Each structure stands twice: as C-alpha cells, then as structure tokens.
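This document starts with two versions of one protein chain, written out as structure tokens and named structure 1 and structure 2.
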Structure 1
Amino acid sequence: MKEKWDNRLAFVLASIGSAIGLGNLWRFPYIAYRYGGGAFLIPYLVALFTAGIPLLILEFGLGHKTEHGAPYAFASYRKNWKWLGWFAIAVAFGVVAYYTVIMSWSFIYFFHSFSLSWGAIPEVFFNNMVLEISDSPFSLGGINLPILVFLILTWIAIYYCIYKGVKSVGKVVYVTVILPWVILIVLIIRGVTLPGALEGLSYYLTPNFSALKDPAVWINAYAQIFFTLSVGFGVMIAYASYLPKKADIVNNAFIIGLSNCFTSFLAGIAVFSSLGFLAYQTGKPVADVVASGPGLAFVAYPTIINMLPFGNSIFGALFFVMLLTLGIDSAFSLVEAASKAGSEQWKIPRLRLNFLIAAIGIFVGLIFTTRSGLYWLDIVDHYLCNYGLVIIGLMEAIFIGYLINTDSFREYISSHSEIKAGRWWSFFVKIAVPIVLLVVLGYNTYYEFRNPYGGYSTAALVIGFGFLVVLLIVAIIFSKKERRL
C-alpha cells in the first residue's frame, strides 16, 4: 500500500514545517540587512507572488499527479529529464550539508546561553571561540571538534524524526511548527518595547525604490523565496506525492506561501527592532551595527541578550531552541525527499537509505566544520541558492510551460483545487517566470565573473561554481541509472 499522510492538516503542517526554517530566522534577516532592509522587501514580495507561489503550485501539482519523488516525476513525462529531479535533490543535499552545521552552532549556543558565556563582545566570541575562524577559505585549520560533535548529534536527531516515514513526520511537526511561533511572539513583544526599536523598524520597513535598479537585490530576492518555500529542492514534489487523491493544491500553496513569508516578516520585526536597540546602545547607525553575514543571528542576538535588563539566559535559550526546532523539520524534509527518490530508483530499504544520507551529509558537512567553515558556508550558500535554485526554478517553468501539455496540467490542478489555477497561472509559468529569471540570472552571471562574490576573489568562483558543477555531474550520473524495482 502506498504511504499517505494521516490527514490534510498533517500535509499542511509538514509542508509549512519544511518551508519555515532557518531560512526565516537566520537567512532572511541577514539577506534583508545586507540588501538594505526596506530595499529588500519589495523585490521579496514580488518574487513571492510572481514565482514562489506559482512554482509551489507547480511542484504540488507535479507530485500529486505523478505520485513520485522529483526524478521520476519529471521522468514520467520526459524520460531524459530525470536529471532535473536529481539536480534539485543534489542542490538540496548541498544546502542541508551546511544547514545542519548552522544547527550545530545553534546547539552550542543553546548551552552557552545558560551562562551567557559569549561575554561582552559576542562577535569576538563567535569568530574566535566558537568558530576559531581562519583568515581565508583555503587555510582550513583542521576540524573544529565541538562543531563536528553537535553536527553528528543533529543528524542523529534528524534520523530519528523520520524513521517511520511520513507518518512520524506528520506527528513531529505539530511540535516543531507550533513552538517556534509561540517563542517568536514572545520575542517580538520584548523586541519592540526596547529603546531604539523604532529606528530599527523604520530601517526595515521604509522602502527604498532606488535599490530596485540593482539586479543583485532581485536575484537574492528570488533565491530567498525559493529557499524559504523549499521550492526547487524536490522537497515539495515528494511531500505532495503522499497526498491523498482528494486534496486541495492551490489553497495549500497559498496557505503555505503566505504563512511562511509572514513568519519571515515577523522574524524581521524581532531582529530589526533588536538591531535598533543595538544602534541606540552603541551610537552607530542601524546599517552598520553588526556584520551582515551568516553570523548575524549569532552575533547580533547575543549582543542584545546581554543588554536586556533581565531574563537574559531564558531569552537566549528560548531563541536557540527555536532555531533548532525550526531547522529540524526543514532538514528532514530533504532527507525524506532524497530517500523517496533513492528508493524509487534502487532497491534499498528506506531506513538504510536514510542512514546513508546522514552519513554522506556528515561527510560533506566536514568542510563547514573546519576553521574556514564560515567562508565556505557563505560562498556555497550564495552559489547554490542564487544559481542552483534559480536555474531549477527556471527549468521547471520551461518544462511545464513548454515541454508538456500545460493546459491539461493546469486543468488537473484546478480539478483538485477550490480556487482554480486560472490562465494567470499559465502566464506566470510560461512567460513571467522564465523571462524574469533569465534576465536576473544572465546579468548576475556576467557580474559575478567580473566581481566574485563577497570580496573572496576567484576562490569564490572556484568553490561556488565547483560545488554546483559537482552536484550537476552527480545528478546526471544518477539519472542514467535505470530503475531496479
């Protein structure tokens, strides 16, 4: 018998659980901060409605219709497009390899929060005591043992969360979806009542129309939408394949897309009001109160905890528990998607596949546990999301828009939806998504080769595109293998 979700709520919660993750609380704030706060929100919302939700509908439809994981979902229409599904999974795998390292940092911070051991200058603590960061990507400096230990613990937790397949996923998410919301609301109430909060909020909420001319803002907005909605990873295809035949596709896509981005927006309120408080305390402008990189959550937040009048340890512990619960259901959604795809291709029991995925995950993650791990993380994240995810989104739109009968696919979706996928949907899939993504992709590739990302010089190009190419090659090799059922 085919595996199915227990009920509709289980699917919605699991999909929300995959979508809502570190992307909302760790990635969204630093990307928004890096691209000017209020300058980022408009492209972000445009990306949500022009690509995020239409592609979420597409992935749900594809999974629901074919009842396959990503590779066989594409292959069931066009045999030689299996690579696209494997590529999505490979990129997701690359993401989860560093995603779990951020969870490992969160673990470490959870324990440090009881004694507030980051002291007066959390940035120094983060770089020197936790990461023991080296001075460039290629001075690896060996593996940082505590990070590796908690990375392994993180993977064990993931393994146990899914060991019964979607049935257990459906139960775990009740906790992992609801707990973060409760904590977030507590944090917001505290955040907005801090002195200086308003200044941070106005930095976050004042639109800056001149920034719309910068194509880097746009590609980051689209990449962030894909990342945060778990679109382009093959995850939502796999989750939708477990839906009972009677299900609502368009409704679910809107519920998941909107509630996810609303969560990011709330997280932004918490973080930026805190940044305003920090600016007030230090007398610096909000724009340069902390470094706008992957360390933001781990530097800005402890700084703020220090400056709170009371309850410091409790707030710190709550925050890092929230990061962990947010991360875990996103991380296991990838394992679920990858092991579904693997089990359709090879005759390997699911549990053994999950174990294998965890083992390879730890192995690939090793590079991010070295003393240059932060650089690698920053670079790999940039290239996998801005190029990998955007290319997959583009290919999916082209595939559904041009290579198959789009109208009958759209009718299938509509016949399983209360709100119909009207012609607007075809317009996005056939025209808006391909054109916008091609333009931002083209411009940014050109720009990238002239100015490699983040001042890392050519190292960034080699690492970033190198990672992508390796993943693509693995995907192509996998897609040549025949089904052995």
Structure 2
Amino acid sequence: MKEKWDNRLAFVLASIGSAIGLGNLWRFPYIAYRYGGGAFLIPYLVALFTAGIPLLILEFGLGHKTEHGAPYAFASYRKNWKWLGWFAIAVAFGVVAYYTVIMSWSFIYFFHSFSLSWGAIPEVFFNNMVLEISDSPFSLGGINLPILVFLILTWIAIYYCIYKGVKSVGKVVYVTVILPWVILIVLIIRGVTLPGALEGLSYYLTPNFSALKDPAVWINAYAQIFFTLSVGFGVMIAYASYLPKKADIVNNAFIIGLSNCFTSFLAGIAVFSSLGFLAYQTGKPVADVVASGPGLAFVAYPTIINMLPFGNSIFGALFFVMLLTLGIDSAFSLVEAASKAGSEQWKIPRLRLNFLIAAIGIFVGLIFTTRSGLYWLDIVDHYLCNYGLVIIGLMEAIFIGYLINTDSFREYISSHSEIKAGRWWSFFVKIAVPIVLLVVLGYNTYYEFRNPYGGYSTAALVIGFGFLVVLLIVAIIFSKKERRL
C-alpha cells in the first residue's frame, strides 16, 4: 500500500515547513530594504502570483498525477527526461549538505546562549572561536571538530524525523512549523517594544517607489520568490505524490505560497525592530547595523541579545531554537525528496536508504566544516540557488508547457481543485515564467563574469560552476539506471 498523508493539514504544514526556512529570516528583510523598502512588496507579490504559485501548482500537479518522486514523475511523460528530476534532487542534496552545517552552528549558539558566552564582540566569537575561519577558500586548515560533532547530531535528527516517511514527517511538522511561528511572534512583541524599534521599522518599510524603475528590483523579487518556495528541489513533487486522489491542488498552492510570504514579512518586522534597537544603543544609523545571512543570525542578533534590558539568555535561546526548527523541516524535506526518488529507483528499504543518504550527506558536508567552510558555503549557496534552481524551474516550465499536452495536464489540475487552473495558468507556465527565468539567468551570468561573486575572483567561478557540473553529471548517470524490480 502506498504511503499517504494522514490529513490535509499535515501536508500543508510539511509544505509550508519546507518553504519557510532560514532565507525568510535573514535574506528577505535585507532584500526588501535594499530594493525599495515597503515598495518591494509590489514586485514581490507580482512575482508570487505570476511565477511562484504557478510553479507550485505545476509541481503539485505533477506529483499528484504520477504518484512518483521527481525523476519518475518526469519519466512518466518522457522517459529521457528523468535526468531533470535527478538534477533537482542533486541540487537539493547539495543545499542540504551545507544547510545542516548552518544548523550545527545554531546548535553551538543555542548552548552558548544560556551564558551569553559569545561575549561583548560576537563577530570575533563567530569568526575566531566557532568557525576558526581561514583567509581563503583554498586554505582549508583542517576540520573543525565541534562543528563536525553537531553536524552528525543534525543528521541523526533528520534521520529520525523521516524514518517512517510521511507518517513521521506529518507528526514532526506540528512542532517544527508551529513552534517557529510562536517564537517569531514573541520576538516581534519583544522587538517592537524596544527603544529605537520604530526607526528600524521605518527603515525597513518606508516605500521608495522610484526603485521600481530598476530592473534589478524585479529580478531580485522573482529570484526571492522562486528560491523561498522550495520549487525546483523535487520536494513539492514528492510531497504531492503522497496526497490522496481527492486532494485539492490549486488551493494548497495558494495557502502555502501566501503563508510563506506572510512569514517573510513578519520576519522582517522582528529583524528590523531589533536592528533599530541596536542602532539606538550604539548611536549609529540603522544603515550601519543592517546585516544579512550569517552576519545577521550569528553576529547582529547576539549583539542585540547582549543589550536587551532583561531576559537575555531566554530570548537568545528562543532565537536559536527558532533557527533550528526553521532549518530542520527544510532540511528533512530535501532529504525526503531524495529518499522518495532513491526508493523508486533502487528499491532499497527506506531505513537503509535514509542511513546511506545521511552518511553521504555528512561526507559531502565535511568541506563546510573546515576552517574555510564559510567561503565554500557562501559560494556553493550562491551558484546552486542563482543558477541550479533557475535552470530547473526553466526546464520544468518548458517540459510542461511545450513537451506534453498542457491542456490535458491543466484539466487534470482543475478537476482536483476548487479554484480552477484556467488559461491564466497556461500563460504563466508557457510564456511568463520562461521569459522571467531566462532574463534572471542571463542577467546573473552577465553580471557574474563582469564581477565574480563575493570578490573571490575566479575561485568562485571554478568552485560554483564546477559543483553544478558535478551534480549534473551525477543526475545524468542516475537517470541511465533502470529501476530494479
């Protein structure tokens, strides 16, 4: 008997948990501030309805109709397109290999939060004590043992979250999705009551409508929507394959897409109210304390926690629990997509396959536990998200829009939805999404060769594109393997 979700809520929470991750907390607020403040919400919502939700509907429909993971979902229509599903899985695995390392940092900080042992200068603690960072990507400096230990513990947690497939996932997400929302609300209440909070919120939300004339604003809005919804990883295809036949497709896509974007907006309120407080305490302009990525979570927030008038260790622990719960459901969803695909390909028992995936994940993740791990993480994340996912999304749209009977596929989706996928959906999948993603891909590539990412010079190009090529080769090799019955 095929696995199925216990109920619709379990599927919705699992999909929301996969979509909502660390990027909602530390990337969206910064991108919104950088590209027009409150005005950024306009292109962001346009991108959600013209690309994000149509692609979610596409992946939900593909998984639901075929009842397969990504490789065999594509192969059900065109056998020689199984590589696309495996490429999505390979990119997802590449992401989870470093995502779990970020979670290991969060574990370390969670334990340090009780004593605030990151000290008065959290940046020094993060770089010198936690990461023991080297001076370049190629100066590996050996493995950082504490990070490796917590990396292994993270993979053990992932293993037990998915050890019974969607049965265990459907139970875990009640905690890993709802708890971060509760903590986020607590942090918002604490943040907006701090001195300087209004200045930070004004900095975050003041609309700069003139920014909407800049093509980069629209490109980044589409990029943020695309990356934050977990499309292109094979996750949503796998999750939808476990839906019962009478499940709604379009409604679920709207619920999950809107929930994800609303969470990003709330995260921005929590972040910028706190950054406003930091600016107030240090006497600096808000612009001088704005941070994104690891700098926000592991430097700016610990600095803010140090300055809180009371409950420092409590709010510190809550923040890093939120990071861990945000990270764990995104991580195990990526692994579940690989597990679903692998079990269909090789008929390996789930527990054995999950153990094998975890072992490979730890091995691949070793490069991110070295003293140069932050550089590798930064570079790999940039290239997988800005190129790997864009290519996958583009190819998915071409596949559904031009290589199969699109009208028949749309009719199937509509027959399983209260909100019908009309010609508007076909227009977005066949025309709008391919054009947008081609523009994003072209813009990124042009800019990349003019200004190599992060100031790494040719090192970033070699590492980033090299990693993508390796994943593509692995996907092609896997796609040639026939299912062993």
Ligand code: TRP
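Residues are numbered by position in structure 1's sequence, first residue being 1. The model shown is predicted, which means the values in this text are computed figures rather than measured ones. Think of the rigid core as the biggest set of C-alphas that the two forms share within 1.5 Å after superposition.
Two forms of the same chain appear here; which of them is the form predicted in complex with this ligand? That would be structure 1.
Please say whether, between structures 1 and 2, the C-alpha of residue 282 moves by 2 Å or more once the core is aligned. Yes: residue 282 shifts by at least 2 Å between structures 1 and 2.
Aligning on the rigid core, do we see the C-alpha of residue 47 shift 2 angstroms or more between structures 1 and 2? Yes, shifts by 2 Å or more.
Rigid core superposed, CA of residue 212 - does it shift 2 Å or more between structures 1 and 2? After core superposition, the C-alpha of residue 212 moves 2 Å or more between structures 1 and 2.
Residue 37: how large is its C-alpha shift between structures 1 and 2, with the rigid core as the superposition reference, in Å? Looking at the C-alpha of residue 37 between structures 1 and 2, the offset is 5.4 Å.
Cα displacement of residue 26 between structures 1 and 2, core-superposed (Å): Superposing on the rigid core gives a C-alpha shift of 3.6 Å for residue 26.
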